[in-house]
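Okay, so here's just one chain, in C-alpha cells, the form predicted on its own.
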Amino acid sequence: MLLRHTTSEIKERSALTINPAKTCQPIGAMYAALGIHRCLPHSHGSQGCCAYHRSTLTRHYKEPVMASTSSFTEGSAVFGGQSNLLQAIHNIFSIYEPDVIAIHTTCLSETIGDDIPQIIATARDKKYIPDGRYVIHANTPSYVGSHVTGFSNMVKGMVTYFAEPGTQTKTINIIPGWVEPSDMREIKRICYMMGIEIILFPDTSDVLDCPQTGRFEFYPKGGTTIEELKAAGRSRMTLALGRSASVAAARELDSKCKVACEVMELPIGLRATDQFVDTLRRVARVEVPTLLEDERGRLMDMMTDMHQYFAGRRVALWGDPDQLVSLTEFLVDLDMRPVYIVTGTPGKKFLSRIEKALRGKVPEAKVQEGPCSDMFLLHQWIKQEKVDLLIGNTYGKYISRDEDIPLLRYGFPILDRIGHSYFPSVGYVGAMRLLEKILGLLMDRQDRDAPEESFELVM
C-alpha cells in the first residue's frame, strides 16, 4: 500500500536515489571492528550518527552493540573534533579498558578534515594510550561508497596497523567479507575439517552470537586477537572472499608483508563453495575429507530433487555486491532466472562479475549498480514484468506486500525477523538451507493459490 503509487514508467535520473539498496560506511566499519577481540568501535562524529549505526546493527543481530562517540557539538563542527577525540581516547581506556579502539569517521568529521593519524599520535604523546593498547582508524565518509566500503576500509586498517612481516608460517589468512557470524563459524569449521590452520579476520562469531551465560560480558570471548592480526603478516597465503569487501585488505597485506593473495567470490552455493574448498586444498596441500564430500553430495541430491520446482522461476535480487554475485550464480545453477539485480554499492567490476555469473543463460536480465540503483527502480522493473520471488533485505517487504510476491529475507539489514544470523548461508550446509527456504516460500504460495481440486497433501 505504501508503494502503490509507483508506476512502471522509468524516467532517467542522475541525482535522486529513492529507497537506496545500501546504507552508510560507518556501519560497515563498526561491524568489522567488532570482529577484533576486546575492541571498542569509536564513532568520530555526533551522538546521532553513533546511535543510528549501533541501533541498525543491534536490530539486525538482536545483540547489544558497544560503541563510543566523540559526541560532536556545534563547537566541534566549527573548530574541529581533535579535543573531543583526545578526551574520548583518555576516557575510554580509563573506564572501559579495551585492548583496541577502532575509530571510524563520519560525514561531519570528514568534511571538517580532522587528521585522525595526527590525533592518535598526539594521544600517544600525551600518554592517553596505555602500553600494549592500540588505536586504529579508517576514513569512512557516508557520502561516498556504502556500508560494504566502510567494512573494507576498516579491515584494511587492521592490516595497516597490525600486520608484521617475518618468517613465513604454514597459516592461511582468510578475509571472509561481509557475512554473518554464523558464516564465519562455518568457514572455520570447513577449515578445521580439512586440518588447515587459519587466521580469520575480522571474526564476529562469538561476539554477535555469543551464548547466553547469565552474565553480561562487555567484551565477548570472540574476535580475532591482536597477536593473530600481527601474525597475519607472516602467513603463507591470503584468501580474500568477495572482491568488494576483502580485496583492499588482501592487497595491503601483500604490499606491506609480501603475503600473496587469491581473490574469489563468497562461497555461497555449489559452484563458489567448490572453488573455495578446492583452493584451500591446493594452497594448504591437503586432501578434502570424506565428511565434506558427503556434505556436497547431500547438496547435489537436494538440488536434483528440487529442480522441478525451481526451473524457470523469475527472481529479483538486491543488496551487497559480493553476496549478489554468488547468489546469482547459485540461482542459475538451479535453472532459476535472476532477471532483476541492483546494488547501491558502487563498483566498476560488478556488472562484469554478474555477467560472468549469469553465463549468458538469462539474456533478459537487467542489472544496475551505484547511484540511482535503488529499490524504486527495482519496483518499476517488477511493475513492467512480474517475478516469482524476491531475495533481499527487509526493505523489500513493501514491494512484496504491494505486488503479492514471496520474499526471502537475505543480506543486511534484516530488521523484522529473529534468528537469521545463527544459520550459515555459506558452504554446502548453507546452500542446503537456502534451498529449503526458497522452496518453502514457493510451495507455500502454490498451496495458497491452488484451487480446491488441486490442493494436494503430497507435492
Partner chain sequence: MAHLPDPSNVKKQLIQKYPTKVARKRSQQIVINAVAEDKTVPEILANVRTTPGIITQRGCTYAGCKGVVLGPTRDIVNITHGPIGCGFYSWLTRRNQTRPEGPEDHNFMTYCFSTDMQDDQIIFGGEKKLRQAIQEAYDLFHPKAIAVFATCPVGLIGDDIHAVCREMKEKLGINVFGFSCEGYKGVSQSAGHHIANNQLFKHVIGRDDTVDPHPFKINMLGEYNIGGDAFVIEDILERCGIKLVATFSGNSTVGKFENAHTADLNCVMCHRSINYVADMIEKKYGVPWIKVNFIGAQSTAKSLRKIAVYFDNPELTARVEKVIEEETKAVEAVRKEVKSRCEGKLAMLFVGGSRAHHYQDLFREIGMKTIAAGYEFAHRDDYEGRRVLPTIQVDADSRNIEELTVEPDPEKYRPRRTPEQLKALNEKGLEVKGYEGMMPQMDNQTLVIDDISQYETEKLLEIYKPAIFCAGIKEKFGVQKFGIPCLQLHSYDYGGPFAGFKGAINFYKTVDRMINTQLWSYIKAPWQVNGKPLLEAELVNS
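Positions refer to the first chain, counted from 1. Here the structure is a predicted model, which is why all the values come from computation and not from measurement.
Quick note: we don't show the form predicted in complex with the partner chain, though the next part is all about it.
Annotation: in the model of the complex, residues F162, T171 and T279 none come within 4.5 Å of the partner chain through any heavy atom.
With the partner removed from view, the residue among M302, C210, I196, A365 that has a non-hydrogen atom within 4.5 Å of the partner chain in the model of the complex turns out to be C210. Site annotation in the model of the complex: the residue of S255, S352, Q384, T111 reaching within 4.5 Å of the partner chain with a heavy atom is T111. Partner contact region in the model of the complex: 62-70, out of 62-70, 427-435, 403-411, 30-38, criterion any non-hydrogen atom within 4.5 Å of the partner chain. Taking the partner from the other structure, the partner chain in the model of the complex has a heavy atom within 4.5 Å of a heavy atom of F376. In the model of the complex, none of the heavy atoms of K348 sits within 4.5 Å of a heavy atom of the partner chain.
By the criterion of a heavy atom within 4.5 Å, A88 is counted among the residues contacting the partner chain in the model of the complex. Using a 4.5 Å cutoff between non-hydrogen atoms, G132 does not count as a contact of the partner chain in the model of the complex. Residues N84, Q87, A88, H90, N91, I92, S94, I95, Y96 of 80-96 are found to place at least one heavy atom within 4.5 Å of the partner chain in the model of the complex.
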